[in-house]
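Shown next as structure tokens: one chain only, the form predicted on its own.
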């Protein structure tokens, strides 16, 4: 299936010309702590290549969008750039760092491209202007249509160089869309581009989740008349039913090691949490209560699961220990709390709470402390999921009755819509490293 061919990009490490100490001058870790004045020059054609302004413009737009979302940078106005911005300058000794210091720039991105027989080569550099050193250099080789992918990959590399952890911009987001009139599973880039429909079940499809070890998804579908749990390989398109017990097979979530799936089954006439293997066999029953138990989410260690239950009357977030089966209540505020998602760092759980007729997102520590609201205003914000680095959240929002997918920083700032208008999108899931 040509739409699911793996993107192969050749990455050549061009070397670090500074050690950790030299990079520490501009090291950052989170929005609000410090912003780095960053200049991004336009890609310039390398000698002997065909000039393509479209390549340069698209690359600039994608890279700028990714880095602005991070909240870690203060972009230097390109209108103020001096003559050095118009020079290719891929080596430290070719850069006029004095010009960039005049603009109070701490970090500088320069790059060039070459087009040869339909192949695109992009050379990119990240410089520390203060120490006049090269922090990172990469060469990417791909097709002319791979400009966006290359920009996302270099944005991830910039985050790694300056924070010590790779960014999530080259990952994927799965979601449910009703643009065909039926709820189907779709896949798109983190910025909403390159959307592809993965199912044609012509019925109700819900709650996708990515495997942490393979490029595949699980989801619930009514294709066979019962809400069964399906597995789908993204690139081959192969699909099979993983759990088809009579009644509900919903909310499937892979364990961190990919060996088990937590889900809700109602085969015994009540909605309980179970663990099943990747072959569909039941490994363990996690809850045993008259209340409805749904929406499981694993902690990173794989020994605890947050979930929603109405066992105390109203839907609240609880945590079950996978080994002891001990259940503890996490949330006490609010009357309707739903869809928890455990941070990949393990330090927070995000969830949706209904208050004054509107769902907003909250975060809470696993010990129940620091219960904080992070979204406000009109529109129901629901189904939150974390980026693999824990810096961002994706969620659905029905602002102005138009349900769509949004992303934002983990502190609730920088929210932006990424799905198409009037597409009726919901239930997003963020992949691991792609």
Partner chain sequence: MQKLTITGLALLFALSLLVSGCAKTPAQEDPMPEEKTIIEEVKQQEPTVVIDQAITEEEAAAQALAAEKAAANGLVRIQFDFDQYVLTDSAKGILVSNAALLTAAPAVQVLIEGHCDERGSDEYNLALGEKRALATKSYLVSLGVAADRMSVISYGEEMPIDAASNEAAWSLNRRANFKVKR
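None of these values were measured; they are calculated from a predicted model. Residue numbers count along the first chain shown, from 1.
Another form exists, predicted together with its partner chain; not displayed. Remarks below refer to it.
> Could you spot which one of 121, 246, 288, 284 gets a heavy atom to within 4.5 Å of its partner chain in the model of the complex?
Going through each option in turn, the one that passes is 246.
> Just to be sure I understand the contacts: of 314, 328, 255, 213, which is the one whose heavy atoms reach within 4.5 angstroms of its partner chain in the model of the complex?
When its partner chain is considered in the model of the complex, the option within 4.5 Å is 314.
> Looking in the model of the complex, any heavy atom of residue 206 within 4.5 Å of its partner chain?
Because a heavy atom of residue 206 falls inside 4.5 Å of its partner chain in the model of the complex, the answer is yes.
> Would residue 92 sit within 4.5 Å of its partner chain in the model of the complex, counting heavy atoms only?
No.
> So, in the model of the complex, is residue 339 in contact with its partner chain at a 4.5 angstroms heavy atom limit?
Yes - in the model of the complex, heavy atoms of residue 339 and its partner chain come within 4.5 Å of each other.
> Does residue 226 reach its partner chain in the model of the complex, with heavy atoms at most 4.5 Å apart?
Flag for residue 226 set to yes.
> Work out which of the listed stretches, 79-87, 198-206, 274-282, 167-175, brings a heavy atom within 4.5 angstroms of its partner chain in the model of the complex.
Careful reading of the contacts points to 198-206.
> Three residues, 183, 359 and 383; all within 4.5 Å of its partner chain in the model of the complex via heavy atoms?
Checking in the model of the complex: 183, 359 and 383 are all within 4.5 Å of its partner chain.
> For the stretch 246-269, return the residues whose heavy atoms include at least one within 4.5 Å of its partner chain in the model of the complex, in the order they occur.
In sequence order, 246, 247, 248, 250, 251, 266, 269 come within 4.5 Å of the partner.
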